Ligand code: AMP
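Form predicted on its own, single chain, as structure tokens, below.
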């Protein structure tokens, strides 16, 4: 179909308030908005300031009432335990209402904070929705997060309650959560009133008398009770989500209720091209923003079936796990990180596992979270035979900033670009002095204020910090802290975080552009390029490469070829002279490569273990690989 994107975007530009007023009609309000935007409220303005509604009602209750009671709402697929569990919308309502009753019985109400510290189990989604039902503000902390990190979040949001699980499951190991939770509460100055603990069969936890209560026992006793949805102002907080990798005082992104509902509901069809009743899978974690937006809230708002997956793209048990899930559950669209596909490609470079499964219902792959490098996208296009859509957004925005909008009709794909600006986002690229740069020129990627519905209105209890972190440097704009450029057609190219732009002898160079070249080598499965300190040039690039499974060639020969490739494609100005083969790259548990920590190791600086790291042992491997290497 011909794309209507340009017309839709122009309609938003001409009348932003009219555009979002129309989008808001898809939400079931207690009191619909009479005023769409108040420019004087909050730090930069607030959306739907007089509207009243409830997220849980829109995600669950209204579908039960409108004929979807027997449709599957949530499917839990655990590749680690080899089990699945399914819940219809009616069953989801029963579970969520029962948990809400338990929380209400224990004093949880509108505005109270509840920390959710759980693995990828259905109860994590139930907990989020139960909090939304009561008007309590949830803060999901990645299950298994270190006690110290959890303690800082407890002290920042001062929860009345914590909902936790006894353990999480990783390939080959069980991670005890309860000792970490107990340690965090001991460290924190603030103490929760009570904890609900889900006892998983793989590892039972010791309970603290008077504080800890068994999730299953209390919920079972509350099943069948009615708990009405709390009417919430659209501007009331729905949740707090702390950005990954924070040190010291954590940075709690606030998400409001009404704008988030409107933005997510609009995105499911217009941006992702998914219809109510279809099966959507975001292969992320509820601890990250993708899990909040596209595992739990958006698919359920839209009346879809959502997949909640406990496993890894490789190793649970093999590189065909994603295809099994798609085939078994009839998934039409998968949303995951490019890192996952690089791991699959590294284990199955010829895509042999793909042919073992019936993927006839599968029609679109969406990638976000890290830059979608062209070699990975081309591999997926070739072997899956479906459109591969790279898109870009942030924890702060809650839904895509830039996308190739499937529902509006796809635009031509440009490899390396996450597409064009979505309605609500007026993007500009400025230099460090705040001047516009020509098309194709690298600079700071900014969004013209006001931000659209669904974006963060502020940080938790930190309006001034929010302003200084995001709005102060470029007046009138939101600073994304990403570097990139816009081409003549309005396509965005994100090349790196602004921290990852390296300065080589006065030349500002993108590590993302170098990674694109390195990844094009046929023997490379994954790579990362960082800048290391150099007395003469200021910084020099250093490449880390993970070779594809089955490569038998001498790694040193491959490293030389990579250096020559970068020199040929980018030129001597890049001063790229060293590539280092490693077994694995250090990543957060959401799949983002920890380039900053790698840089500190390479520079010989002191560093702290990142709270979000997936496997701490990898950093020792990086240190060992660098021994004896000279970056000339």
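Residue numbers count along the first chain shown, from 1. The model shown is predicted, which means the values in this text are computed figures rather than measured ones.
If you look for the form predicted in complex with the named molecule, you will not find it shown, but the lines that follow are about it.
- Per the 4.5 Å heavy atom criterion, the named molecule in the predicted bound form is contacted by stretch 386 to 394, the sole one of 152 to 160, 386 to 394, 260 to 268, 93 to 101.
- For the options 123, 256, 526, 482, the one in contact with the named molecule in the predicted bound form, meaning a heavy atom within 4.5 Å, is 482.
- Scanning 200, 324, 497, 465 against the named molecule in the predicted bound form with a 4.5 Å heavy atom cut-off leaves one residue, 497.
- Heavy atoms of residue 71 never reach within 4.5 Å of the named molecule in the predicted bound form, leaving it off the interface.
- Contact between residue 133 and the named molecule in the predicted bound form is not found at the 4.5 Å heavy atom cutoff.
- In the predicted bound form, residue 208 stays away from the named molecule, with no heavy atom inside 4.5 Å.
- Interface membership of residue 348, defined by any non-hydrogen atom within 4.5 Å of the named molecule in the predicted bound form, is ruled out.
- In this stretch, 404 to 440, the one residue having a heavy atom within 4.5 Å of the named molecule in the predicted bound form is 418; the partner itself is omitted from this view.
- Distance between the C-alpha atoms of residue 482 and residue 539: shorter in the predicted bound form than here (change of 3 Å or more).
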